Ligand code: HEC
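Form predicted on its own, single chain, as structure tokens, below.
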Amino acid sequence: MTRHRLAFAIMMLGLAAVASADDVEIDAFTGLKKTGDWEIVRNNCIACHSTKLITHQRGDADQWLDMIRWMQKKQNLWQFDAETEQRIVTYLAENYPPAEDRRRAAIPADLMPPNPYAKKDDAE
């Protein structure tokens, strides 16, 4: 009987953790926070990559826009109309903002060693 109570308590703690700290519902399929324009992000981002690349990243609006620009330049991401792009960036910045406990800042490009495997056009 005690084992069942322990299992039930662990299950309830797990369900409480899924609700997240700010009580935002999480989409079971994508893992995205179901707020604001989450469906626009889902519809435009999971065509190319897992949403784990989104949910494990953090950034302010400028950082998210830089990531989008990089994907457009290097990964062949299509161009968004201005409204769609703004809605995506706003959703990402509001729901996946920078956090002190997440990751270190990127190493500045001028401090990186040259990549011996880079093609000439990758050096840009």
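Just count from 1 along the sequence shown to find any residue number. No experiment lies behind these values; they were computed from the predicted model shown.
This protein has a second form, the form predicted in complex with ligand HEC, left out of what is shown; the following refers to that one.
Visitor: Answer yes if any heavy atom of A99 is within 4.5 Å of a heavy atom of ligand HEC in the predicted complex; otherwise answer no.
Guide: No, A99 stays farther than 4.5 Å from ligand HEC in the predicted complex.
Visitor: In the predicted complex, is there a heavy atom of ligand HEC that lies within 4.5 Å of any heavy atom of L77, even though the partner is absent here?
Guide: L77 belongs to the contact set for ligand HEC.
Visitor: May I ask you to check whether M67 falls inside a 4.5 Å heavy atom distance of ligand HEC in the predicted complex?
Guide: Although ligand HEC is absent here, M67 would touch it in the predicted complex, with heavy atoms inside 4.5 Å.
Visitor: If you check in the predicted complex, is H49 within 4.5 Å of ligand HEC, heavy atoms only?
Guide: Result yes; H49 sits at the interface with ligand HEC in the predicted complex.
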